[in-house]
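A lone chain, given as structure tokens: the form predicted on its own.
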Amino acid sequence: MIINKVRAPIALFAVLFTLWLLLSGTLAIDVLAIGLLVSFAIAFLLRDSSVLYAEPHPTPIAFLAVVLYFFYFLKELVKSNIMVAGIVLTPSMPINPGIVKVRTRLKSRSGRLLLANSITLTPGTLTVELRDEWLYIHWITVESTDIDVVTARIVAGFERYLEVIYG
């Protein structure tokens, strides 16, 4: 746990400074100095609440999983947008909305949070509640209420990559 307390602010600093570099669009010394100073100050002030940034495993396979996760998410995003557009354009509105319960195998708080947000960002699903290993999801076209079937349909694809990233 001590390693996480030390690693968390360093990881937060790295994330903040990387974002600063990407958003500033310049490598001028004064801009870099301000970015370093602001990133360090924020990381120092939030050192006790930044443990979430230390949870990913910084391994080459985890980096590959991040890239694959990104492409998987984009694929799911496009598929769900097309599905929802088809529902909206169909005069009969073939929906069967409801809240389903799914289980995640993820142990990491960050992994669970990213899973819940990924589900919410794909049209047609909305994570309503995240409690321990259970997620309650509003699904625009409920196909089943069986926890294993719904988990396989909504969660399993995302989870496959998140387990590698977060362990």
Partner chain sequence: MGIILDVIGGLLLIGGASFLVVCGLGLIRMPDLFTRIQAGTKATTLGTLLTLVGATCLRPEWGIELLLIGLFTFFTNPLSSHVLARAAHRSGVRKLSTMKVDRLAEDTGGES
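Predicted, not measured: the structure shown is a model, and the values here were computed from it. Numbering follows the first chain given and starts at 1.
Keep in mind that the form predicted in complex with its partner chain is not shown, yet the notes after this line are about it.
- The closest heavy atom approach of G35 to its partner chain in the predicted bound form falls outside 4.5 Å.
- For the chain shown alone, R47 is not a contact residue for its partner chain in the predicted bound form, no non-hydrogen atom being within 4.5 angstroms.
- At the 4.5 Å threshold, heavy atoms of H138 reach its partner chain in the predicted bound form.
- Within this chain, K107 is remote from the site of its partner chain in the predicted bound form, having no heavy atom within 4.5 Å.
- The contact with its partner chain in the predicted bound form, taken as any heavy atom within 4.5 Å, belongs to L121 out of I42, L68, L121, A62.
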